[in-house]
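As a starting point, one isolated chain is supplied in structure tokens, in the form predicted on its own.
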């Protein structure tokens, strides 16, 4: 930690613990939505099999179902089962049934011999491999019995999960309501991002980026606007946002400048401070608090700082407000460093690019290990928004690290909404 005017900065890990402790009781409202709208939503119900799967034994191959007890003797083919053909045949000794992949294995049969391993003449069948019980048969209930819980309440639904829901017969699913977020960018120097700024102005790109990040986390941005650096306008905008949102996100105005009015505005509106300033780089000036049922997060104004803080802290807040139960911090991944990086007294998070080629061999616990290559993006400080170009990861550096190419480094993959 580094001192600032006699007060130590709050460690990142401690900030996460404080957030988790205050967010634990979150119990958002529920809504019923179509499966096609459920990607990245948080389940509000357990999802279980509504029948045994598969409900009957099915063939895993195109071939012939038969009794292994008959050995290598020839069989007489008495039935054919396609996928979707109801099965009611009972095989007797010396009989076989032709089955297609997914077709029902008739009672009495206990194995399937692939079509490549048989010889058939008319209704008679000779096999070319010894039949073994259970071979190429998907047994009834092997995927699970009716009532087996596949997905738990609090789980964030990915693409594969939607197929599981459909497989359980669901067309609608109960999910937690998305957190409602208001985003307010601040600063007299900020102008719409679609305009050509004067030399002393900057584009309001942070607001658009923050909205996209939040939506990627699973939030619903219900309103966003820019507010000038005027205390009365800031107080009006924040006050209105507190009345309608689950999370109010501000950008800029929380540091030590003469026009950083937001901490004072928050106090005047009765917002309780959880913490202000973290021992991370970039993102130190972040402000976090809450007002009744609404959370407030004041991001630094520099683009890289606001992006990193929202990824590290905002993701947790949104996830918990949405009813999620994922533990934080997220596990980091390992990569082989391309280039050189260093940190000073605070943990550092740098935009980086996972390379599609050129895996690196790196010593991990004294064992040479092939890892993906991670290349830091060129950046000139927390105001350098160009460093986010092509970034798909955040490279993590502990305090006082100086790492050379080939070192094993940790990183967080970035959201891909």
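Numbering follows the first chain given and starts at 1. Source: prediction; values computed, not measured.
What comes next is about the form predicted in complex with a small molecule, which does not appear here.
Considering the small molecule in the predicted bound form, the lone stretch of 268 to 276, 187 to 195, 71 to 79, 330 to 338 in range is 187 to 195 [heavy atom distance within 4.5 Å]. Taking 205, 153, 215, 240 one by one, only a single residue has any non-hydrogen atom within 4.5 Å of the small molecule in the predicted bound form, and it is 205. Checking 314, 303, 131, 324 against the small molecule in the predicted bound form, a heavy atom within 4.5 Å turns up for just one residue: 303. Within 4.5 Å of some heavy atom of the small molecule in the predicted bound form lies at least one heavy atom of residue 251. In the predicted bound form, none of the heavy atoms of residue 235 sits within 4.5 Å of a heavy atom of the small molecule.
Although the partner is absent here, residue 260 lies within 4.5 Å of the small molecule in the predicted bound form, judged by heavy atoms.
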